[in-house]
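To begin, one chain is listed below as structure tokens, in the form predicted alone.
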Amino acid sequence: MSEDKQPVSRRQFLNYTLTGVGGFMAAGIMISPLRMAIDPVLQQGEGESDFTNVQLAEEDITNVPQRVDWEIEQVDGWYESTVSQTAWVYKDDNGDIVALSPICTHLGCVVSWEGSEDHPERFYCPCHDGLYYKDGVNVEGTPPTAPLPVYEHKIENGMLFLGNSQSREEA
């Protein structure tokens, strides 16, 4: 056995104890910000569950844009709420489904199909006379500077499911 063991003084014991307790408290304080930084990265893989059945059958979709309203459950921190969503849905000339967001890219007002007698066959924003063509592209010379966002969509069992809206480049 080694006889070089030195007893721990009261000062060293207090120093070790306070350092350990301080480190433990610092680790506890850092867990929350670390979790907040890492959590969004971990949740991005859940893209498939973002689609919602909007209760519109594929055969009911025509060449004329129709307004579709649905609700989704939204979680903000610990607060859960139900949020209403809206889209303009139609089939283009190729028979492909198009789902446009009704939110004007100028100031966020709601656009409507054939909302103006002066501009038939167009989406119209009443806030500043904004116009969009049927495909959602903004009409040059009007306030909107970008096309209407497009919703991701898919068909399952003959029903339309809509996901998140995607912005498009300027026209």
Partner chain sequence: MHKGKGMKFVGDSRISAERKPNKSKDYSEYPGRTEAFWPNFLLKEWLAGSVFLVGFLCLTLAHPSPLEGMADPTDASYIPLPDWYFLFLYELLKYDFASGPYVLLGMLVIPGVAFGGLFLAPFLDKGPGRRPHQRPIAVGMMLLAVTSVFWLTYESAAGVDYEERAEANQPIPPSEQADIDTESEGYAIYENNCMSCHGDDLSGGSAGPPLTGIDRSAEEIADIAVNGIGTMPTDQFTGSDEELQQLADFIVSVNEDQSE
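Residue numbers count along the first chain shown, from 1. Please read these numbers as outputs of a predicted model, since none were measured by experiment. By rigid core we mean the largest C-alpha set that fits within 1.5 Å across both forms.
Same protein, other form: the form predicted in complex with the partner chain, not shown, and the subject of what follows.
Trainee: Give a yes or no on whether every one of Q85, K91 and V98 sits within 4.5 angstroms of the partner chain in the predicted bound form by heavy atom.
Mentor: Judged in the predicted bound form, none of Q85, K91 and V98 sits within 4.5 Å of the partner chain.
Trainee: Answer with yes or no whether L14 is in contact with the partner chain in the predicted bound form, where contact means some heavy atom within 4.5 Å.
Mentor: L14: contacts the partner chain in the predicted bound form.
Trainee: Considering non-hydrogen atoms and a 4.5 Å limit, does the partner chain approach G28 in the predicted bound form?
Mentor: Yes - in the predicted bound form, heavy atoms of G28 and the partner chain come within 4.5 Å of each other.
Trainee: Do M159 and the partner chain come within 4.5 Å of each other in the predicted bound form, heavy atoms counted?
Mentor: Judged by the heavy-atom cut-off of 4.5 Å, M159 is well away from the partner chain in the predicted bound form.
Trainee: Report whether the minimum heavy atom distance between L18 and the partner chain in the predicted bound form is within 4.5 Å.
Mentor: Yes, contact at 4.5 Å.
Trainee: Just checking, between this form and the one not shown and with the core aligned, does G108 shift 2 Å or more at the CA?
Mentor: Shift at G108: below 2 Å after core fit.
Trainee: Please check if L18 moves between this form and the one not shown, taking a CA shift of 2 Å or more relative to the superposed core as movement.
Mentor: Yes.
Trainee: Aligned on the rigid core, do the two forms place the Cα of G141 2 Å or more apart, comparing between this form and the one not shown?
Mentor: Where the cores coincide, G141 shows only a C-alpha shift between this form and the one not shown that is less than 2 Å.
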